[in-house]
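Next comes just one chain, in structure tokens: the form predicted alone.
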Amino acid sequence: MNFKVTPWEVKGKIDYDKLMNEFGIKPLPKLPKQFEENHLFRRNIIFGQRDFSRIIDAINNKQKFVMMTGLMPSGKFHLGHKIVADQIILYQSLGAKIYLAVADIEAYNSRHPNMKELQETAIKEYLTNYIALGLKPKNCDFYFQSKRSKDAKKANAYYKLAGLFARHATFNEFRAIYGELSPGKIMASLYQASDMFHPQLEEFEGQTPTAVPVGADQDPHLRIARDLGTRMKLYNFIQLSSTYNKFIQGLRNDKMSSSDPTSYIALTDSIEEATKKVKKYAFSGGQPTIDEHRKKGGNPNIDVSYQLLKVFFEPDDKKLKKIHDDYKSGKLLTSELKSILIEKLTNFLKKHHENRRKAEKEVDKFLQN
């Protein structure tokens, strides 16, 4: 394949059909109305799944289910992170119990050896933005890998499960994903598996269908966890369900990276900063000159401004189609397309910054587990 997708590197033009075939990801089944009303599913931005029918059945039958995801507390919370946040809030609205793990042990071992700073970033950048976007404290278990719970029975059960999973893992599996091995990488994988399965322990929810939404680059981690859960006979786990979202273009037409502020728009960026980034860095699918653009038209499939409208800022399908068609025909110029995005982005950030100020007062409600 002429593209590469791993947990650490995404490059090339992604052929999602080939990716699904190589990874063994299945297309989405027929979804309940609640999902079709959500543009991420309706527009195939969330494009694949494993064992998702269990979650659909739970929703249709009004049964208990869990949505579990994690966050790496490094750098700014940007639009690339928002796609998972939007799914968290959707699942919570559908009745899911949310398990939200801060991978501070993994981050300490692999990225940033200052635990205090990692935990502060998790709260100030991630949790506060989640709350501002609509996350509610009821039915939400927000925790750090390094301090799972104030309840000793729950904490012991979580760490015990990570330890027990070690018996069912092999070095060859770890090498296939992580390449050169280190104790930190091995430990991270075992903690991830415990993060995904421990909601099903009797100390938590008991045997419960569990959905894990991820980007396709994170699927190798999920495959190891699924294999470990299958081999673990001590508990009768329900296999994990998962969905996969497409990659969100960075401003420069590569993957958004927390280490490169010119590749993303952070949700704490000022309106002036965000506007400047769009004007200066947002990759254009237009032609080199206005005359050429009028004759040949632009390519919305590679234009970052159009893609951000599609994924985040234009919920109306008819309006989005008109923007798409006008840009492709040459009727709409790149500068005009950027102006549409800037207007919608400005409205979003203005409201979000207000919500963040309110959210800062709600943080403590999520830190009592």
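Just so it is clear, the structure is predicted and the values come from calculations on it, not from any experiment. Each residue number is its position in the shown sequence, starting from 1.
What comes next is about the form predicted in complex with another copy of the chain, which is not displayed.
Note to self: By the heavy atom within 4.5 Å rule, which residue out of K279, K295, K150, K138 makes contact with another copy of the chain in the predicted complex?
What the structure shows: Of K279, K295, K150, K138, the residue with a heavy atom within 4.5 Å of another copy of the chain in the predicted complex is K150.
Next item on the list: Would you kindly say which of T289, S182, S270, T230 lies with a heavy atom within 4.5 Å of another copy of the chain in the predicted complex?
Entry: For this set of options, the contacting one is S182.
Next item on the list: Would you check whether another copy of the chain, in the predicted complex, lies within 4.5 angstroms of a non-hydrogen atom from each of I105, M115 and L190?
Entry: Yes: each residue has a heavy atom within 4.5 Å of the partner.
Next item on the list: Answer for K255 alone: is it within 4.5 Å of another copy of the chain in the predicted complex, judged on heavy atom distances?
Entry: No, K255 stays farther than 4.5 Å from another copy of the chain in the predicted complex.
Next item on the list: Answer yes if any heavy atom of I186 is within 4.5 Å of a heavy atom of another copy of the chain in the predicted complex; otherwise answer no.
Entry: Yes, I186 is a contact residue.
Notebook entry, point to check: With a 4.5 Å heavy atom cut-off, would you call L234 a contact of another copy of the chain in the predicted complex?
Noted result: Although another copy of the chain is absent here, L234 would touch it in the predicted complex, with heavy atoms inside 4.5 Å.
Notebook entry, point to check: Contact between M72 and another copy of the chain in the predicted complex at 4.5 Å, heavy atoms?
Noted result: Looking in the predicted complex, residue contacts with another copy of the chain do not include M72, since no heavy atom lies within 4.5 Å.
Check: Exactly one stretch in 139-147, 271-279, 219-227, 257-265 has heavy atoms within 4.5 Å of another copy of the chain in the predicted complex; which is it?
Finding: Correct option: 139-147.
Check: Can you name the residues of 150-180 that have a non-hydrogen atom within 4.5 angstroms of another copy of the chain in the predicted complex?
Finding: Stretch hits, in order: K150, D151, A152, A155, N156, Y159, K160, A162, G163, L164, A166, R167, H168, A169, T170, F171, F174.
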